[in-house]
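Form predicted on its own, single chain, as structure tokens, below.
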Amino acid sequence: MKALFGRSESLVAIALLVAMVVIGAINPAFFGLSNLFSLARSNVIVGIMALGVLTVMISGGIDVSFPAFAVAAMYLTLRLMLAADWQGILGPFALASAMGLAFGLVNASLVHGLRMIPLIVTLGTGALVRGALLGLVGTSQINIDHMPPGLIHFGSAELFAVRDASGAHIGLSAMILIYLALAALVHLVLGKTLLGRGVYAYGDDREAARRLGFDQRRIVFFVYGLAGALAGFAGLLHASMIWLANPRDFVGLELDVIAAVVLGGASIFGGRGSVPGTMLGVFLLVMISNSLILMHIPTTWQRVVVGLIVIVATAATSFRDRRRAQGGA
């Protein structure tokens, strides 16, 4: 029992349940089916990006470039689809993921090859990619009238739908299944493969990981490449779900995603973190943001809350890591 409640995932789950009870007591509309379905839908894009950021943080790195990679992959793929009258689903998503992967591998090359600080690298590449997109490609939105019909149909797919007392349509997005499938895949890679164990070992102690025979170059390229690929995929999925592509999207999203990952128990120093914990952290953060909107809290104060969550969660993980280090000493 002590081991169970000592796990980060258990603590986040308890905090989530307590928050749900408190928020529901303050605003009963929180437990409405429409709001719960909306919450689940809101987890998809943030959650997919968080899976990539999680792997980077476990390796001891940091990535703040993924929002720029996501919007670039989304916008460039859609522009190409419109220019070539390209109709399809698998091809565009593969292209967007490949673009994100390529951007991520650039990060990896700079971090590993030139031994540059990950935060500086990803700040630079993110600014470069977003600036080039806005300066060279354009700033005009692609609205529903020009969105490829196949993408709209895909993004609007629902697992099931009901009607409330007023007759309004309430549907549960099928995109949740994609999120869960990707989460399961990343969980298996991190927990059941030699590469996944290498990511944890590299983040915990790089020199020890090298002595154990883990390929450090492979690990760095894997984590940053995965983060980029997932960002590219999530970017196009986002456009298909909202039926709009805005090249200025995702500005500031890095704070929310990193907050969710840290809230889920990942250590900013590397070596710790899990997919279940990250998913719980994403849900808790999205739920808090959603509840602030329901309570008509201004957007500026919502950012204050997210900032406080980052500080508190980081302090908690730092305190946890120090206690574990002292216990193991």
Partner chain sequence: MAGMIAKARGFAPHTRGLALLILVIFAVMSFLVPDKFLRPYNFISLSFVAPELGLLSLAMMVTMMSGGIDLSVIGAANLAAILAGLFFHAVGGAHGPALSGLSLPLVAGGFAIALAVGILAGVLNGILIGWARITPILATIGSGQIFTGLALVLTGGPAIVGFPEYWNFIGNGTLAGLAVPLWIFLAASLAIAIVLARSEFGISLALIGTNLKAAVYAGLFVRRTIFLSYVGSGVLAAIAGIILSGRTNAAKSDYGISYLLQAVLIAVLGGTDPAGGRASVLGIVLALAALMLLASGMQLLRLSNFLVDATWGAFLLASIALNLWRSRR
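Residue numbers count along the first chain shown, from 1. Not measured: the values here are computed from a predicted model.
Heads up, the form predicted together with its partner chain isn't pictured, but that's what we're talking about next.
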property	result
Partner-facing stretch of 177-185, 86-94, 107-115, 220-228, counted where any non-hydrogen atom is within 4.5 angstroms of its partner chain in the predicted complex	107-115
Close approach of residue 10 to its partner chain in the predicted complex, 4.5 Å, heavy atom	no
Non-hydrogen atom contact residue 150 with its partner chain in the predicted complex at 4.5 angstroms	no
In the predicted complex, residue 139 touching its partner chain (heavy atom, 4.5 Å)	yes
Contact flag, residue 308 vs its partner chain in the predicted complex, heavy atom cut 4.5 Å	yes
Every residue of 39, 53 and 159 near its partner chain in the predicted complex, heavy atom within 4.5 Å	no
Sole residue of 80, 189, 134, 102 within 4.5 Å of its partner chain in the predicted complex, by heavy atom	134
Option touching its partner chain, based on a heavy atom within 4.5 Å in the predicted complex, out of 237, 209, 76, 121	121
Residues in 51-90 with any heavy atom within 4.5 Å of its partner chain in the predicted complex	62
